[in-house]
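In the structure tokens that follow, the same protein chain appears in two forms, which are kept apart as structure 1 and structure 2.
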Structure 1
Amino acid sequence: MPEVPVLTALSRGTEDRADALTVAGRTCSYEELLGAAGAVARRVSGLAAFAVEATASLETVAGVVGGLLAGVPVVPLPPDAGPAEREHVLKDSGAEVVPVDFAERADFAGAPAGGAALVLYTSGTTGAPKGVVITREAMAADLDALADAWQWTAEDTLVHGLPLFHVHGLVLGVLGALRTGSRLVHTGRPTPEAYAAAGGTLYFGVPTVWHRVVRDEAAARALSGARLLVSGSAPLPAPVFEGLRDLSGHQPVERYGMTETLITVSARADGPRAPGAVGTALHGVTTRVAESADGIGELQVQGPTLFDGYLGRPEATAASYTDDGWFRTGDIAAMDADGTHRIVGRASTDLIKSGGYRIGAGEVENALLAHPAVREAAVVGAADPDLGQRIVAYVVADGVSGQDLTDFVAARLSVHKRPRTVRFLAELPRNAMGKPQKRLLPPV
């Protein structure tokens, strides 16, 4: 078949194997995947776009590969999407749902290799989700840069259990394996037991996954034979980083990115790693911090991994760039002298201005999580007539008082960074990728 950018493991005669992909216990070879994807490509050829039910299944993989073969953008639908969200995505994208039967087989000659590959919908904090158009070229550039940073090769076995409707699980976790030629084991669900049993060399997880692994000491120790553990999609708390280091012997690699930019910054397999540090800019990517007097500001990026715009929203696309052509991430960061990035939080929710100080919510959250009684923490700023904003902490913890936690933070950080209010919850609201949803926290 002609070469299709991204799918180099399928199009350059990479040695096939019967267990090239395993998803939720079902295994196939490259040849079987190409046959199923070819049947999809024949059905969708000529469409403007099509949607697939993005379950953890070989059908989802075949649907996405089929779209790449046919040159038709794929819209992955979250299987747990409510009726309103689903209706919006289908109407906004103009895509029709195409069922996938993995047992079907067909050859497909292949379409022109460039252009839009995926339309992924963001879960923005305001308004209806926007469709992010991601090209094949952007994905190929990003995956090659990550392969370089993580020394990711066809000799690896990649293990993860992440959803297949986000960049992390789908682009990195599936298409990354199909580009590098590494074997893929998708565990269906990212449980500590499944990760421990998979026998991989390279593991992907979100902080919630790694937190659960650390709490299961046997599972964490079982990962000692791996080559690299990677964490992303949300900040990894320092205690989880340290727990993985102590139990598995691995300091996890942290990386940073967005749906609109793919992954732009990462620690390297052959470089230093530290809690809270997400590494340096990937090959081909340039970053800058719109600095304030105290050295933190909005992270802005340029490079070949950026999206092709918001679907049907030219004004929103234009507004996401500065006048001199840098993409505005909306994330607040600091950059060390050696180019190492540290993400403080979102400009909209995580940069707290209290009593004339600029305070990153993530720093306070990490301080809270260092307390042995605290399992989860989320910090926000609430309007205050005296301070402008006061620091409010929502925590999941046992056997500790709010004053205990306030004093604990004040002793570890500057006194002005202590929470003025502490609220205890049974759990934090999170999305499918494990990110805390601060807009869903109860009012102060």
Structure 2
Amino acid sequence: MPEVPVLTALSRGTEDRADALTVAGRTCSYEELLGAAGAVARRVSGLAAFAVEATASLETVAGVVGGLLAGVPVVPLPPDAGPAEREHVLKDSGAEVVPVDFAERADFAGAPAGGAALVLYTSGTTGAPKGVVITREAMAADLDALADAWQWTAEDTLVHGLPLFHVHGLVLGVLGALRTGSRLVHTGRPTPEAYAAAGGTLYFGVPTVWHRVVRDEAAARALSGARLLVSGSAPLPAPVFEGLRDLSGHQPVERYGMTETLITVSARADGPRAPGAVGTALHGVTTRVAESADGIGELQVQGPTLFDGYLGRPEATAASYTDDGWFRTGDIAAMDADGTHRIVGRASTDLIKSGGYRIGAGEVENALLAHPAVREAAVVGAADPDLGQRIVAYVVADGVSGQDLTDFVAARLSVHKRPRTVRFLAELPRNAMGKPQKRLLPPV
């Protein structure tokens, strides 16, 4: 078997079985995956980077494993990305799209172990998304620390249905299984029925998924045979925590992270769990809460799981660190005496979390302003019981409907970046300097 960096269990092959991996209803063994990944590796070897259409499929897994095998960074493209977002990602990364045929098989000897493995595009408060460079070393360190915290082993069957172009679904949800040797069942979509039917021991979901599971009582009860339910990517509301506990018998483990840092803080399989608490720093990670009078401040982190910078943006990379070398998460946190972290908010209201997706208000505003009828636009996140936050757009525009604008954004960017509510105003509230004042916008 060739040595695939990061993917210890896949390389070792001793945990191989005919149903090692199921993605959206199709199943394969490690041997079959390695053959398909080998064919990708041959094709991409020597490229500076390549992009894969990151649908929920065995093809995406083979593409990413092929990149690791060849030592070529992979840029996973959100499959629903519209032309504006797609062009930006391909141009900014310099990656060409390489199609993957899972039926193609080839041997490939394997590449050196270290260096850039993934470039994941993620939104800031303004402008277009930036490419976050994630190394093999950072992923290996993070997955080992999570395996330690969650007692995650080859005995587990991991179940989730999250997108394969973010850290949660791809790094934890696919590469984690191929490093630990746990079986993987990716359900295609993260629906309550599919989670209930999968019969796993370890489940991953964003809070929106857990909210929907709790609303589907039979599905929630069906998870009682699992070992561990894990929530992350956004705050898990207390009623959802309690609903899961009451219906499935499991208190969910909550963990916290970012694309730039991978997962840094988590509750442990053998430790306390409570609503609103995201646990303690993972093995190897150090955290601090920036000084403030009330013990609440910006969470800053250091450790081996951090990114290798924003692709081609050294100033933005430098700006994301304090002068004394700590990564600034932009999240506001408090730490209990026992080291338990609570995330209490975000420093900027211009970063929206909807359904676990991170969306920059500026990117959506720019998409709206590209519509000929729109003169001004201000985008905010409004509290939503299912999505956590719902994108709301306030626009100054004539001769266009709210639905037209929603569809316009969904078509240019990714579907999940579309405003769910559009409100028309005669003008945006501004201060004396003429700057729009989002906090003066009328309630939704």
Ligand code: MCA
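Treat the numbers as computed from the prediction; the structure is a model and nothing was measured. By rigid core we mean the largest C-alpha set that fits within 1.5 Å across both forms. By convention here, residues take numbers in order along the sequence of structure 1, the first being 1.
Student: Between the pair I just shared, point out the form predicted alone.
Tutor: It is the first structure (the form predicted alone) rather than the second.
Student: C-alpha of P372: shift of 2 angstroms or more between structures 1 and 2, rigid core aligned?
Tutor: Where the cores coincide, P372 still shows a C-alpha shift between structures 1 and 2 that is 2 Å or more.
Student: Relative to the superposed rigid core, does the CA atom of A20 travel 2 Å or more between structures 1 and 2?
Tutor: After core superposition, the C-alpha of A20 moves less than 2 Å between structures 1 and 2.
Student: So that I can tell if L47 moves, could you say whether its C-alpha shifts by at least 2 Å between structures 1 and 2 after the core superposition?
Tutor: No; that C-alpha moves by less than 2 Å between structures 1 and 2.
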